[in-house]
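Only one chain is included here, represented as structure tokens and corresponding to the form predicted alone.
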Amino acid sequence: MSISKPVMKEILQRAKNILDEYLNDQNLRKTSERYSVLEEIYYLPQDEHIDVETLFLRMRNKEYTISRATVYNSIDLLVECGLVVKHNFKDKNALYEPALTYEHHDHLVCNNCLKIKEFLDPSIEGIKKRIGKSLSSDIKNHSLVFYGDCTIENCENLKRKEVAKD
């Protein structure tokens, strides 16, 4: 499901307001670089995850004048204030996605091509409720990652991975 431009603009404005409030509360400066990082994260395609280095290179290619350290620090700040979700997948750098457009989902990571696929399965929510009940706990959230081997014939991601090795 894709988010329309007017809705995305509204979400981004809400994110900026949250960041404003967080920076004020923490007595931190409101820098254009922090807001630029926020915008770049929020304009990612909905199912895309990005690592900090890739984000930095994208921003440099778009002619932002921003340092690698500033991108790293800004991402950490955005995670702290709840505007960005951080994922740690096996054998990968930390990956990030926007939090305000985030609908809970789980992940499948391909061991071969390293592609990350998002999925939502209502039966997992049922399992979460049953486990919570059996352990006398009100489970608020969870993280589930499956790792599997790609069975897609002529997988483009696998080809890119093999080219990168050479």
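Don't overthink the numbering: it's just position in the shown sequence, from 1. If you're wondering where the values come from, they're calculated on a predicted model, not measured in any experiment.
The following text describes the form predicted in complex with the DNA, which does not appear among the structures shown.
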In the predicted complex, the residue from Lys129, His104, Lys117, Lys30 that sits within 4.5 Å of the DNA by heavy atoms: Lys30
In the predicted complex, does Ser36 come within 4.5 Å of the DNA, counting heavy atoms only? no
Do Leu135 and the DNA share at least one heavy atom pair within 4.5 Å in the predicted complex? no
Taking any heavy atom pair closer than or equal to 4.5 Å as contact, tell me whether Ile66 reaches the DNA in the predicted complex. yes
With the partner left out of view, is Val109 within 4.5 angstroms of the DNA in the predicted complex by any non-hydrogen atom? no
Okay, which stretch from 137 to 145, 109 to 117, 38 to 46, 52 to 60 lines the DNA in the predicted complex, with non-hydrogen atoms inside 4.5 Å? 52 to 60
